[in-house]
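What follows is a single chain, given as structure tokens, in the form predicted on its own.
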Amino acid sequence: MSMVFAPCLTETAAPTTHAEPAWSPYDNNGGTCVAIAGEDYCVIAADTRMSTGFSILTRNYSKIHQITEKSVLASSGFQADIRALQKNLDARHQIYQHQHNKQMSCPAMAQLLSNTLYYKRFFPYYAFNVLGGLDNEGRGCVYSYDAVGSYERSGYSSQGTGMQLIMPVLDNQLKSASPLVLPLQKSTTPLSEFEAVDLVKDTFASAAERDIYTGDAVEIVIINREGVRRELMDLKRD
């Protein structure tokens, strides 16, 4: 005699899964950088606030790094990657000095920075850079980059979390001719050194009102034929 077993009608509970936050090797520590090139000077500026999320890690962190006597790098993004990039450039520049018995020019440093970023394109430095200084003829030059090394020379540039607030002001005040227009026009801006510094202070004071990652103070570096000097201006601290 055959026996028939009825199927079990009880439901089994589905296994519970706990969603864990995805880990990322990157962080964005915020901050804003600006550079303006003039006929015989270059102004590079960055704020001093370093944040993560809605927390301020420090209010007095310099985002500006001087590589040579005529080249200064300002960077926004993940500060651990930025520090590694700065050490890499310093080492490469020291090797260059030993081999050539002179410092690297700003245009040469711009190409080296591009090559360094492109070499890491498959696991890039999370750094958004502005390189400023004087070229071989003593004119101001500004180079802006993306994360994998694409760059261009211009009369002014901005990077970082406040870029969307600052670039419209710079475009309005300093808009230069397109590099596609022939004959080529000078990339430097018509402002005097004092006017450029004043404009940088105004743009940072404005950006700090809206960008929570920009604030506390702005560090300004001016490069001209006389050398390098620094200024510091307080910004909002809330």
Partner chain sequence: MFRNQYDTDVTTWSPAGRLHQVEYAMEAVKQGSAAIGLRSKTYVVLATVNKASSELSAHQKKLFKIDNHIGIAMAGLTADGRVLSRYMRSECINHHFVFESPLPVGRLVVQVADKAQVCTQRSWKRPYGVGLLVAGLDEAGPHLYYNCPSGNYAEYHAFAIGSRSQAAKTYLERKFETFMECTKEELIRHALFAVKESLQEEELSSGNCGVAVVGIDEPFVVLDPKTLQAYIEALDSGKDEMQTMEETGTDDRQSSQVPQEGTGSRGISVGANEDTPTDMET
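Please read these numbers as outputs of a predicted model, since none were measured by experiment. Positions refer to the first chain, counted from 1.
The same protein has a further form, the form predicted together with its partner chain, not shown here; the description that follows concerns it.
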Original post:
Within 4.5 Å of its partner chain in the predicted bound form, do S144, V148 and R153 each have at least one heavy atom?
Top reply: no
**OP:** Choose from 153 to 161, 126 to 134, 107 to 115, 79 to 87 the stretch whose residues reach within 4.5 Å of its partner chain in the predicted bound form, heavy atoms counted.
**Re:** 79 to 87
Original post:
Does its partner chain come within 4.5 Å of any heavy atom of K102 in the predicted bound form?
Top reply: no
Subject >> 4.5 angstroms heavy atom contact with its partner chain in the predicted bound form for H98 >> reply: yes
